[in-house]
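Two forms, one protein chain; structure tokens for each follow separately as structure 1 and structure 2.
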Structure 1
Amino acid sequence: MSVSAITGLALLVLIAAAFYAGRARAVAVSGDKPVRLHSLPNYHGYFLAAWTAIPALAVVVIATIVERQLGMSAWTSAALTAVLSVLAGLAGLSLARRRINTGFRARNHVERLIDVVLLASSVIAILTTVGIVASLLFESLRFFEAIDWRIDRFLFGLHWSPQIAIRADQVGQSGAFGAVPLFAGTAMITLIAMIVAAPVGLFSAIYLSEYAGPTTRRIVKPLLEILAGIPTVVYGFFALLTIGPAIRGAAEWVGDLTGIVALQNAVTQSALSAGLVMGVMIIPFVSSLSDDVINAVPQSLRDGSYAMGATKSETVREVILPAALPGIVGALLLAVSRAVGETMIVVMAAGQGANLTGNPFESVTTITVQIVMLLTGDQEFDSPKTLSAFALGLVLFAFTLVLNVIALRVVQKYREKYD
């Protein structure tokens, strides 16, 4: 076992011992009459555990920083950190234990510490978001500067070829950064996926929550949610080896009968293949979340509707769905975000060609696939080719933000009506 693991185990044991020491100390000073204490004995245990953990963890953080500055060996640094952290924890335990008496407000101190932890967590989340946006924006500005601030060519250009010629004799490596084919491919695949997932997921949620019996629900819902646990690479294999060839064969057969060239030229890796399989993959997101939201609708609304003479279908359509609409919108938004961010299925089922087409039987690509391709391998982060990935990420961020704003407005509108 490594020294770091031993240190962590020792600190856990020390913190647990501090908790029980705090409880025992509180019971002792109360004379076995807890009613004399301001706070319950457990709060005194939490207080001692916290003031044992805080100095110990502070020593670990400081030792890690100092180790990098002094260039100490790993074993020496880990051993020294272990000793110092345990000593700091024991010192904190000793000092905090002296404060325990019948009038000590342990609960107030613990709750104040919890408030600080929650506030720190919120600040970290906000700063993380700000850091992500700042990094995307900074690198995107570098990209726009590299293309002479022709943002219009990036947002509205119809040709995507990020390869740039290194030598003058290279042909066809012009560095065209028109992202419309990527936007169109992403929108097409997402639309196909939602056409599959939205009705199937929502109708299955309505059936399971309002019509299915307890036995059926207990069996069907776990089976449906298994789809969420299948790795995306398995979906990709299924789309490439089964769905894609089946769609191509059916399209060619119909094309031969009708003479439609678009169907006759269908390929195995197509937007339709990727969209259908991706729609199946995100059905559990829509179904499970919608089912939870529908079950959360108060039973009094159903009883009132039945009392007015409404049938079950009328109750579902006129009462339950409007009341659950904010949650359903949230489920659909999550499904859209999941579809937009999917990469593996698109790579295997739709290809990597940046084709601007409205034909779902042709090969297309998405923003996320291009980001992966641009940032993998030996890349130089000073070239427009690599920096374009950050600009694509910024567009994705803006798109997700717009979706969240729309969903928030829907939630606010209908919540006022049904709360």
Structure 2
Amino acid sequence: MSVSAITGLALLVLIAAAFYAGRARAVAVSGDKPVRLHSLPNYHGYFLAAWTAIPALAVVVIATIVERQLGMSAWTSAALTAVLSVLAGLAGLSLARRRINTGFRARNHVERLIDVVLLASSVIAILTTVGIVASLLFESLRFFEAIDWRIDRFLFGLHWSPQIAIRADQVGQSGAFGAVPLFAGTAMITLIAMIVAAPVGLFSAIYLSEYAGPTTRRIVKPLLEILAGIPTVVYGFFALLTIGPAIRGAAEWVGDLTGIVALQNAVTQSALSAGLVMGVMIIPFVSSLSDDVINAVPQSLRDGSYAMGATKSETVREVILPAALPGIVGALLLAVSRAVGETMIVVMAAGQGANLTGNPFESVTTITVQIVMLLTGDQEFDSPKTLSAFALGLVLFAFTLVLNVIALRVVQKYREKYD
């Protein structure tokens, strides 16, 4: 067993001991008449346990960070941490123990502590966002500095080949960090995915909510949910194994029949294959969001339309869809954001060539693929090549954030309208 494991165990024992010590002390000061206490003995126990745990854990965290900075050996550092943290725990224990007496409001103290813990937990969500924004911004700024602040070349440059820009004298020249091919690739795959997912998802939702009987719904809905639960790496393999070769085969066959060179030169890892599979992945996303939205359309509108002698499809097209439109737009925006940020399918199925092409049978690359390429394998953290991944991450984050904010707004407005 390692030193750190022993430390952990020792601290646990200490904290437990503190709890019992607090309880015993409280009973003792009350002269064995716990009713005279302001708070139940258990609260005194919790109080003591907390004041043992907090200093001890704080010391563990601080000591670990400081020791790492000082570059101590692993064993010394672990041993030192162990000693310091146990001492801190004992100190907290003895100080807090003195406060216990009959009038001591242990419960209020404990409850205030719980409040603090709860608030601190919720703040983590904010810290996460702050951490994301700060780290992306910070590293991106370093990247922009490395390319001489030619952000325009990054955003509008047509040539992406970060590997040739590793040497310092090449940086900033030759437009090696022009991200337009990545944006174009991302856009093309997203477009293909949405061309698949939007109609299929929407029509599935319409059919399930307006046409299907309860039995069909009961069977089909969970099946669609399975589609949503499959890990993206599985979709990626599916594209690589089945869809990519099938598309390539079909394209070559048609290409040979028609003599279209673009089709004859189709490759297995293509924008079409990745986009198609991504579309399949997004179908349940679109359909379940649309389903919610369509179900939120009041029944009275349907009744009104049917009472006018409209058929089901007329009711759907003329009344339900216009009523649900904002919600559906919101759902589609969320789906787009999903597609833009999707990584594994494109990494596995879209190839890596930074082609600036409109031909879906060629391989393209996307923002996420490049982030993965740049940050996997050997990397020195300070090279512009590595830093550029964070600039791409920043673009990705900003874009999806804007989409999400708009989408959530739209959906919320819509919800309010019919609530």
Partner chain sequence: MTSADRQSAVQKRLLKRYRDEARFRAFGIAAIVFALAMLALLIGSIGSQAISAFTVNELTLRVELDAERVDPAGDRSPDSLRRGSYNGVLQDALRAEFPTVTEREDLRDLFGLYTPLVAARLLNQVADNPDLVGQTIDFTFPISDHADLYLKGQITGRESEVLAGGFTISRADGRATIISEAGVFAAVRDAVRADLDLRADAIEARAERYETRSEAAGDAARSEQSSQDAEAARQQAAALRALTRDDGGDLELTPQLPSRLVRIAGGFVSVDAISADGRSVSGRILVDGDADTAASAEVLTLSVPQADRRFSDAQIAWTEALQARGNVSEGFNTWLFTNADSREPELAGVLGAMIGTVLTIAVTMALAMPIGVFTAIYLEEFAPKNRLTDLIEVNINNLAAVPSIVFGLLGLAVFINTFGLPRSAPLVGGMVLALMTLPTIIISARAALKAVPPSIREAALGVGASKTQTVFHHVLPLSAPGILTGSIIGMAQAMGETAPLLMIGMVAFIADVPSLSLDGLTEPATVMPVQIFLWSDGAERAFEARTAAAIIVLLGLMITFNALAVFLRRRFETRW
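No experiment lies behind these values; they were computed from the predicted model shown. By convention here, residues take numbers in order along the sequence of structure 1, the first being 1. Basically, rigid core = biggest C-alpha set you can superpose within 1.5 Å across the two forms.
Query raised in the report: Looking at both forms of the chain, which one is the form predicted on its own?
Result: It is structure 1; that copy is the form predicted on its own.
Query raised in the report: Rigid core fitted, is the C-alpha displacement of I54 between structure 1 and structure 2 2 Å or more?
Result: Comparing forms between structure 1 and structure 2, the I54 CA shifts at least 2 Å.
Query raised in the report: Is I328 among the residues whose Cα moves by 2 Å or more between structure 1 and structure 2 after superposition of the rigid core?
Result: No, because once the rigid core is superposed, the C-alpha of I328 moves less than 2 Å between structure 1 and structure 2.
Requested in this report: Superpose on the rigid core, then tell me if the C-alpha of H109 is displaced by 2 angstroms or more between structure 1 and structure 2.
Outcome: True for H109: a C-alpha shift of 2 Å or more.
Query raised in the report: V133: how far does its C-alpha move between structure 1 and structure 2, core aligned, in angstrom?
Result: Residue shift at the C-alpha: 4.1 Å.
Query - Core-fitted comparison between structure 1 and structure 2 - CA shift at L95, Å - result: L95 C-alpha displacement between structure 1 and structure 2, core-aligned: 18.6 Å.
Query raised in the report: How many Å does the Cα of V395 travel between structure 1 and structure 2 when the structures are matched on their rigid core?
Result: For V395, the C-alpha ends up 2.8 Å from its position in the other form.
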